[in-house]
Structures are given as structure tokens and as C-alpha cells.
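This document starts with one chain, in the form predicted alone, laid out as C-alpha cells.
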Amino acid sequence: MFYRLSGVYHTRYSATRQLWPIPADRWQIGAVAVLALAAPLYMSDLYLSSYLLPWLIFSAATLALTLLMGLAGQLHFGFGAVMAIGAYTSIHLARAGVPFELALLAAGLMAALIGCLFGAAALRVKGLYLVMATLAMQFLVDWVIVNVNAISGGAVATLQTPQVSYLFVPVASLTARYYLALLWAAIVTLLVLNIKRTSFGRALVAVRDKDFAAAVIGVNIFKYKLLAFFTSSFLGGVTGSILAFCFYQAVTPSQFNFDVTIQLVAMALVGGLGSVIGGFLGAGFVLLAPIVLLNLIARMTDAGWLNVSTTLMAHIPLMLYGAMIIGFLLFEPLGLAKIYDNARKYFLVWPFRHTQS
């Protein structure tokens, strides 16, 4: 069958090192790529701007966070601040006339620099102590943004994004903004996939599992922890800029508060730490599940199947959503990516279940 391992022969190192050695996986990736590229043709503007566009951007942010938390094992509860640094940096540079490509690069570098300053705490502490250090970063950056008028204009001020072009294409229409977000999500995806196969990725895994054992075998703990924070913060800063220019088209201090950090951590956990497909699944679940549940309950109420107040109806989706997250953590701690992997492995050998180990 087309989805089986039959016909996959490991006769060359280049074939063994492929990202997707099984033909069925390559066909799936090709089908998803075609659907993503053609989305503006068959999807309405409402669904494109309200569902698909934020899903792509937050998936990229989740992948940037899972690179740090899943691959390097360094907890980070200030990632919303990292994205805020990137968003404000790029907006101010774009307003000053800097080309958008350079503004994105500067946004990533600024976020990486500040992220490394707070990430340096990981060189001396770990676990809950590292959580407190990164949490301090979140609240400190929030305070600076709100109280320094030169950055945000005030606690309730809104900075509109200027008109920019990327590679000589104006980022004004919804289609252009969607393709820019899609391009960035694809770049982050391929980057994380390839990092996992390099010596850098293997060193991060060694640091995650046992940092003192990694030091014994020659891994420079100082270097790789800082590199993990630098890379993750750089990707997060650029993603924050993409979020501001492509989705919000404006930036306010409340858009990158602690709630956003909690959302991103939930996306990484529910999707599966260290998994690339888990980043997309987790982001989709956290973003879309409350909306789907709210619409479902509203339709049941309109049909007379439920008789609940408006206030209770607003809280029921959040209750069910929280219960679903707890259920995932209880019954499948490795997240949605593990559920997908189990289904994939089942079909790889179906109907010969006895061949599974």
C-alpha cells in the first residue's frame, strides 16, 4: 500500500537522513503545502483572517518556544515579552523609514539580546527558579512598555503599523499578509526540523536530559544554553513583528501580556514538547477549541436544547476547554503529536498489528 514502509530501502546515507523518508509522508506534506498556498482561492476572507492567519503565526511562536522548552529543556514564562520587544522594535524602525526586511532582522536581534540577558539566569538556576527569572522578564518588560511613552505612547495608546513592503511586495492586502505569515511559518518549521538533526540540536538534547552529564562528555553548557535562548528569542521577536504587521496591524501593551505567555506554554504542552507537528496542533487547539465550543453551545441554546443564561454560556466553553486540556495531560501527557504519531504508526503496519513493538 502507498502508506506502508515497503519500498523504503536504507541503501544511502542521504536517503536515510531525509526529513520524510516514507513516500506517504512526502505526499501528505505536498498536499498540505498545496492547500495552504491555495487557501485564498477557496477560503473566505473571514476564515482566512480570523482563523488561518493567527493559527500560522501562533504556530511559529509555539515552535520558537518549543525549541527552548522541548529541545533544550529550559523553562520560559516570559515569551510574550519577547514577542512584544520584536513588535515594538519593528514598528518604530518601520516608522523611521527602515526597510521592513531590516526591521524584522533588527526585531529578532533586539529580542534575542534581551532574552539572552534574562536567559543567563539559566546558567545558575533551573526548574522553578528559572521560571521566576523569566517571569520577572515578562513583568519588567510589560512595565517598561506601559510606562515609557517613547516606546508605547502610554498604557492605553495604540501604535498603528505603517505601510511596508516585503521583497518589493506591499504588505497591505489580506492575501499578502497571509502569504508573509505562511512564509515565516514554513521557515521556522524547516529550521526547527533541521536543528533537531544537527550537532547543535543533539547538544541541546544532552543539556535537556542531564546538563552535568553533558558537561562531562565535553558539551559546553554555557554556550548551548545561551544559544538556545538566543535562537528561540530571535524567532520569537520576528514572530511578534509578523503578528503585529500581519494580524493586528497595530500594537498595544495589552496584546503581549502574561496571558499570551500562558497561551503559548499551553500550546507547547498540549501539542507536545519538542514536536514540530505538535506546535501546529497545539496552537490550533488552544486558539480554535474555545471558538468551536462557543458556537456549538450557542446553536444548542438557540435550538432549545439548552436553557442557560448568557453569563453561564460565556463560561461553559472555557470550562469544557480547561477540562479537555486536563484530559490530554492525564491520558496523553506527550500531547496531540503523540496521538497523531500513534495513528500514523498504526497505519504503517495495518493490518499486521503483531509487527508493532
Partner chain sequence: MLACEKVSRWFGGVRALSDVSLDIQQGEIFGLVGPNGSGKTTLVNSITGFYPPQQGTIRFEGHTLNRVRPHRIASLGIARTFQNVALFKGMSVLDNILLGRHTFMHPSALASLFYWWWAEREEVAHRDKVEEIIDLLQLESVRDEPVEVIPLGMQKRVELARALAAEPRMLILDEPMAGMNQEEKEYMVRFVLDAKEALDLTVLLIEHHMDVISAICDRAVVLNNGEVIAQGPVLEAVRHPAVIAAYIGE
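Remember, it's a predicted structure, so these values are computed and weren't measured experimentally. Positions refer to the first chain, counted from 1.
What comes next is about the form predicted together with the partner chain, which is not displayed.
- Listed stretches are 270 to 278, 206 to 214, 157 to 165, 78 to 86; the contact stretch with the partner chain in the predicted complex is 206 to 214, by a heavy atom cutoff of 4.5 Å.
- For the options Ile195, Leu105, Val144, Val98, the residue carrying a heavy atom within 4.5 angstroms of the partner chain in the predicted complex is Ile195.
- Though the partner chain is absent from this view, in the predicted complex it lies within 4.5 Å of a heavy atom of just one residue from Ile151, Met110, Val131, Leu191, which is Leu191.
- Among heavy atoms of Phe222, some come within 4.5 Å of the partner chain in the predicted complex.
- Of the heavy atoms in Thr11, none are within 4.5 Å of the partner chain in the predicted complex.
- Taking non-hydrogen atoms only, Arg202 approaches the partner chain to within 4.5 angstroms in the predicted complex.
- Although the partner is absent here, Arg17 sits close enough that one of its heavy atoms falls within 4.5 Å of the partner chain in the predicted complex.
- By the 4.5 Å heavy atom rule, the three marked residues Ile187, Gly218 and Thr231 all count as contacting the partner chain in the predicted complex.
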